[in-house]
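The form predicted on its own is given below as one chain in structure tokens.
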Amino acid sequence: MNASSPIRSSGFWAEAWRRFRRKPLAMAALAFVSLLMLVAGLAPAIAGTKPVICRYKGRLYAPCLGYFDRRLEPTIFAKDKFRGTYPRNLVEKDPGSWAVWPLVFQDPYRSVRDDEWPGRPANPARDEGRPSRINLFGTDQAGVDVFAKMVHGTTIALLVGFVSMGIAGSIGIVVGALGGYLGGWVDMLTSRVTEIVMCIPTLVLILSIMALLEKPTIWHTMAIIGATGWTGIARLTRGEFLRLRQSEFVTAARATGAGPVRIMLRHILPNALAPILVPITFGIASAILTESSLSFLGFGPPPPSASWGSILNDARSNLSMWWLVVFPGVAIFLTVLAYNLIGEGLQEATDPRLREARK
């Protein structure tokens, strides 16, 4: 390399990632969240009573996709009257069939029946459903396996966090950007709307709307959390846009004839995004905690949805079933802690003031 050639410096995000990697707790939290995503994506292959893939009457099927959406389960099994029981029906209705089964033969929505899997007894219920070799985390009041509910409940926990904060982040960035860049009456209007929404208690609003809806779903919960959780993001975005709109690179963009929308999206937003990601990360943890609280109170996703908070709710009627408290409680605690550690790591990696203060 020529000695006179300039040395390229790494970009902001590459430098932030390098600083983030130096924090062991933040990296461990990121690995834990990545593991949760893997579990959520592979949940039907980890725990279930439907084959991951099977050959039936000369064709290949993936009945396990029915855990994500019932419409994805092949209709041929309903026509042949399997009634959700695959091991014996596959052999009896097609002796030449074969199947790849989940790692744990347990269903998150119902109790496994006697001899449903050849030679295995039915799931115990109530106080007899302690953790065992067959039921790793025990069973609930109705004999449904807790481990299977925990695995499939991971999908709901992650969906609640990402979807609700996706909604909140979109609203907050738009409202904050408009107020911070345009100023004047637009800024006054967006600031007043933000203050009004801040006064609305999220939990009370969710309970009120859930009481009015005939068939509430988890998507309603996500929408309400997202529609009320954007205020902090909006105020931070507004502050960043107020700071950056007088910068030299924005003045240069105006001189080239760039319009307000292009300046906001192409020039200011990428430079303001780093501090905005921090409250979004903390908001994911808050959303998971809110959904768990609602499920614990009995206002979570209706059956047959599986969520960690609903498992805690099952323990209210029989506190001697300690496994209904310990396993979901630890999962909620570790997940919320992981997102908070990631948020703290992002904050320290992207905020120069915090880095200087720790020196």
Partner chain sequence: MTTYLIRRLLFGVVTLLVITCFVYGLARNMPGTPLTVQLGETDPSRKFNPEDLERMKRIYGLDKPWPVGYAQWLGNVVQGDLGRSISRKQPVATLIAERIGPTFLVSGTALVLAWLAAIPLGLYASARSGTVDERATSLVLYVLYSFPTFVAALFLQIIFAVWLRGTNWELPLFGMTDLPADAPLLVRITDIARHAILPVTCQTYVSLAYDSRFIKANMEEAVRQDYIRTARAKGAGPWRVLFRHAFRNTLIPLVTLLGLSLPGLIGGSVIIEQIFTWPGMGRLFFESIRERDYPTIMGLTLMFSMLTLAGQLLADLLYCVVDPRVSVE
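On a predicted model such as this, the values are computed, not experimentally measured, just so you know. Numbering follows the first chain given and starts at 1.
Below, we refer to the form predicted together with its partner chain, which is not included among the displayed structures.
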(request) Specify the contacting stretch among 209-217, 83-91, 105-113, 160-168, defined as having any heavy atom within 4.5 Å of its partner chain in the predicted bound form. (result) 209-217
(message) Only one of Leu136, Leu236, Ile263, Leu289 gets a heavy atom within 4.5 Å of its partner chain in the predicted bound form. Which one?
(response) Leu289
(request) Quick one: from Ala142, Ile200, Val186, Ala122, grab the residue that has a heavy atom within 4.5 Å of its partner chain in the predicted bound form. (result) Ile200
(request) Examine Arg316 and determine whether its closest non-hydrogen atom to its partner chain in the predicted bound form is within 4.5 angstroms. (result) yes
(request) Using the partner position in the predicted bound form, report whether Ala28 sits within 4.5 Å of its partner chain, counting heavy atoms only. (result) no
(message) I'd like to know if Glu195 sits close to its partner chain in the predicted bound form, meaning any non-hydrogen atom pair within 4.5 angstroms.
(response) yes
(request) Spell out, yes or no, whether the shortest heavy atom distance between Leu72 and its partner chain in the predicted bound form is within 4.5 Å. (result) no
